[in-house]
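The form predicted on its own is given below as one chain in structure tokens.
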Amino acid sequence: MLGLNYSFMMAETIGQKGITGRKLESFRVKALEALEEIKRKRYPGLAFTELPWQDVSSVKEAAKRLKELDYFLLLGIGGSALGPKCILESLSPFHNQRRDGKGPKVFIYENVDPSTLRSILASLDIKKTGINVISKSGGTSETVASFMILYEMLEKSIGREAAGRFVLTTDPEKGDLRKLASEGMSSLPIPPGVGGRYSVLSPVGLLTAEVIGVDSEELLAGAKEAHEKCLACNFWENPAIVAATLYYVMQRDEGRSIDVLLPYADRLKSFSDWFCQLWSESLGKQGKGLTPYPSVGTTDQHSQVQLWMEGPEDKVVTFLRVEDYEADFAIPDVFGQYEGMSFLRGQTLAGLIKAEEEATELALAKAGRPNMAITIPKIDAYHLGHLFYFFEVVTVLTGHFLGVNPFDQPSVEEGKKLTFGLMGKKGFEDKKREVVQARDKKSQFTI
């Protein structure tokens, strides 16, 4: 069960820089209206709310075949890589260094940096590799380019068997990857209406989970619990509504438009990266938005907290704390003659990281810097699924408050069109001319 403590967001605890209970209460009607929009599925993009009840038998079957190989390579970008990467690093950290035989070694190629692909290829045997190609549209340039290169490599290595090494995760009806699937390549569907940044609990993320030995049904079970909790109508008992309201009011009334997500667990660092895309691409439009700030504790206490404490008052810090790290180390009774070490004797690493998290919360609060804390019992598939779904609902609710569609990304499309023009795609000749003209202007201000 996820817990939300927002004491240090409130005026009652941090003074005039906090929010009063009366102001929060004034948002009750608007918040419940937003909740009803989710229930009525006002936007097609709300199809992600149906994912917790999907049939995962085809995902398990595909994973079973891939697990027989020595290497698993995922090709994707944006939500098609951030979600699977978060599952991998949260639930099977240092996966490729494990000695327990927990599935094939996993590599995620999420960019088109050729030196990275060279390094990946040097780390695996292409003849023993299964490849998951993820693109909802079936035409994501970066992913398709990588796919074309790797398909040729595999075909040269193992001949006609190459097609059987690929799983194409894409739209169930349209796109070039779907056409290839209809010609015999194995495929998994991304349900219509599920956008890339909301797709982690679809086959996009679930296949990687199964390949590394994580039960995808546990991820979905956690999401089901989050669905029941986050779509409840009681304002004060609904953590998603309260969190979204706090984020919005802090931005609207206090100018706090930067949201720091600070998990106190290395395994959740990639969760911050996943949140970064969800928050920015969903909310940043029409001159509005909230800026995500991915971080990790305690590391960033030594690199960022100074800014948060005494820098611009434009941030809200959300701590993500873990009750049970499922591992611990006692600090031994050594070097007692040194004052800077002796106080640590008899303590534990888990006790230290928890103390630092709690102390940083209070230090920020004493400086009048708003912060709140989300707590999960431990990092496992169930609670990770809960976290994914919780933040997706919070994002949709915040989008409602801002008055933006949290499911489109119109400005991203312009960059894609200009790229198509530069790369010579038919029908985008005018975009190529636009880039060439811009080059002439850019040359005027070059040193």
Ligand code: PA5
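Note that residue numbering follows the sequence shown and begins at 1. Just so we're clear, the structure is a prediction, and the values are computed from it rather than from any experiment.
Omitted here: the form predicted in complex with ligand PA5. The next part is about that form.
With the partner omitted here, the residue from G130, P292, G78, G297 that has a non-hydrogen atom within 4.5 angstroms of ligand PA5 in the predicted bound form is G78. The listed set S137, T348, T375, Q301 contains one residue whose heavy atoms approach ligand PA5 in the predicted bound form to within 4.5 Å, identified as S137. Ligand PA5 is not drawn, but in the predicted bound form it has a heavy atom within 4.5 Å of V412. Interface membership of P84, defined by any non-hydrogen atom within 4.5 Å of ligand PA5 in the predicted bound form, is ruled out. Looking at K416, you'd find a heavy atom of it within 4.5 angstroms of ligand PA5 in the predicted bound form. In the predicted bound form, ligand PA5 lies within 4.5 Å of some heavy atom of E281.
Contact with ligand PA5 in the predicted bound form, defined as any heavy atom within 4.5 Å, is confined among 227-235, 364-372, 118-126, 273-281 to 273-281. Along 196-220, residues G196, R197 each place a heavy atom within 4.5 Å of ligand PA5 in the predicted bound form.
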